[in-house]
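Just one chain follows, in the form predicted on its own, and it is written as structure tokens.
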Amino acid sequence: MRLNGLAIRHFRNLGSQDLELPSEGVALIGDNAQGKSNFLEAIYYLETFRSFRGARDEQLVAFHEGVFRVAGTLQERDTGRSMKVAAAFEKKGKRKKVSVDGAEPDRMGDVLGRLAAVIFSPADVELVSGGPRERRRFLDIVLSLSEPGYLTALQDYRKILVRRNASLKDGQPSSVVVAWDSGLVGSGARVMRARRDWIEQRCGAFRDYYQEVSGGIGAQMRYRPSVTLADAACKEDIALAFRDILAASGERERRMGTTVVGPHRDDLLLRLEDDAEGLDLRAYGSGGQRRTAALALRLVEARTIRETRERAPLILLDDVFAELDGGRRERVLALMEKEEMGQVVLTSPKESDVKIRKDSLPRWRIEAGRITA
């Protein structure tokens, strides 16, 4: 599957444009603040139907406009069958509309991940440098797009958590609070098991990618749930452990007015393999080490797409090599040439920085949001 065409209407500063993308991808060249990242954001919006930069939908609508719309035409490489994925947002009514071949899905989750895209951005360093919320968001996106049932379990958990927290905040009796526990435990156990299994299955790939990019030692990726889990615990065992710790946390919860344990308190630990314990990359890693770990996470995400969806991922690179030193840059380029990737769409301020795909990507230019081939 490749992205054949892209129609943009009033998304950020991109105006109204209809673009045909080359089968191998494209390099978009332009000065800073011209709209290069906006272009990648428009493409990736069709993967998750939200901004990879964390912007609200109303912030994506161009100034003095009321609606944005992005539509992508996808084509299967083997059969030639095409599909059109579209998304629009109306600022006034805060209404979002998503469709596939003109039909609106019953649930948004049914149409997530049609592009099979992975976005690499300099802001990815926050996956390592930022707080646990950033890493939970990474896990939730990867698993929502690759693990059947995960998104439903996550949505159920969040809805119940909001209601349980409201009961705690209002000081309602314990009998009212614990009435939410069964649903919270059931959905939370599914979320925790999926996170644990994915991390355990992919930790070796993360280590290898980190080592290959760094040219030195490897790094570890480990799950740190707020609920203590036995090795190889099944979903039922996880649910039992979650229920027990909820019961033991009752006094603390009433004092703080919120649920203090559960998947919403999980973290993904990233450590260097420099000693028995490992050096926490968030606290002690250098800028280069943190960027390397972030790249390794995205490469693991791309591998997950290849293995779970059996498709070469669409790779979106947002000036990602600019902050890497020369050695890391060359090793990342070599690694990406070796990996099975689909189309590559990258941005860069300078044409001389475009070296991926043996310098064969067609060049497009962008100025003030206007793209020219």
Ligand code: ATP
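Bear in mind the structure is a predicted one, so any value in this text is a computation, not a measurement. For every residue, the number given is its place in the sequence shown, counted from 1.
Beyond what is shown, the protein has a form predicted together with the ligand; the following relates to that form.
None of the heavy atoms of Gly342 is located within 4.5 Å of the ligand in the model of the complex. Under a 4.5 angstroms non-hydrogen atom cutoff, the ligand in the model of the complex has Val61 among its neighbouring residues. Heavy atoms of Asn13 reach within 4.5 Å of the ligand in the model of the complex, making it an interface residue. The closest non-hydrogen atom of Asp325 lies beyond 4.5 Å of the ligand in the model of the complex. Out of the listed residues Arg69, Arg331, Arg53, Arg311, Arg53 is the one that sits within 4.5 Å of the ligand in the model of the complex by at least one heavy atom. Stretch-level contact analysis of 43-51, 300-308, 331-339, 28-36 against the ligand in the model of the complex, using heavy atoms and a 4.5 Å limit, identifies 28-36.
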